[in-house]
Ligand code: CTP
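The data below hold one chain only, encoded as structure tokens and taken in the form predicted on its own.
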């Protein structure tokens, strides 16, 4: 590899490669320590190659020491950490609220909404792909995610989400409130299932705790983004919410746009900044919406 001797397939691939090359040495203790090999490893590094460390343990010769190739999971971790270090959100903590909340009427019924959690999960995926450590606080959803950088905290009610946000908000750098939190809950949920034969029943509703208002009141260095799902006077209502909740930006989406809103895989959003400037995006996948939202955040 150092001298360009190409007498097998591996060396042919290496000498033809235009991409970054990672080298995981594997040799016996004395061979690894020999000045010739140490000199060669240093020279390979000057070519732009990344030299991984060797493992320590039992070697083929019976000796114990340095020289073992790293285990596959260690190699993967090395690669992830290398590329993660160059990502824009590396070292940042991102908090995302997602999905609906359910407010119990009795043990089997609840007040809820049609939020699927798709937008919040897409935001979590994008944040993690850019190196962030993600806290995803989500109401009931069928969405799944598998990423070691994303910690999921499932909640049920608005009060549950409020308490989870209080626990994690102070440590985050960016917070995105995409959850569709219930505005009202039943004041006194029934202890047992309400029977139909009991006839008409009135439910007394009281306001839930305002999660986004709490985040706005307690904002210090966090960059706080809210969501507004509107059906009329959309832009005006979103701008009012932006100011009232002390947000850095708000994402507006509308139920009047076909293919946008709850449960669908697509969305049509507008990103509104504190100075009232509006960036409109076409109908696109929720993953692309999430990418555009983070582009706007990172450019702020």
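Positions refer to the first chain, counted from 1. This one's a predicted model, so the numbers in the text were calculated from it and none came from an experiment.
Note that the form predicted together with ligand CTP isn't included here; everything after this is about it.
Please name which of the stretches 191-199, 76-84, 207-215, 147-155 has residues with heavy atoms lying within 4.5 Å of ligand CTP in the predicted complex.
Every other range fails; the passing one is 207-215.
Only one of 127, 136, 119, 177 comes within 4.5 Å of ligand CTP in the predicted complex by heavy atoms, so just point that one out.
Contact with ligand CTP in the predicted complex is made by 177 alone.
Considering non-hydrogen atoms and a 4.5 Å limit, which listed residue (163, 173, 183, 143) is close to ligand CTP in the predicted complex?
Selected option: 183.
Test of understanding: in the predicted complex, would residue 241 fall inside 4.5 Å of ligand CTP by heavy atoms?
Residue 241: contacts ligand CTP in the predicted complex.
Partner contact for residue 228 in the predicted complex: ligand CTP, 4.5 angstroms, heavy atom
Although ligand CTP is absent here, residue 228 would touch it in the predicted complex, with heavy atoms inside 4.5 Å.
Is there a non-hydrogen atom of residue 68 within 4.5 angstroms of a non-hydrogen atom of ligand CTP in the predicted complex?
Close contact is absent here: in the predicted complex, residue 68 is far from ligand CTP, nothing within 4.5 Å, heavy atoms only.
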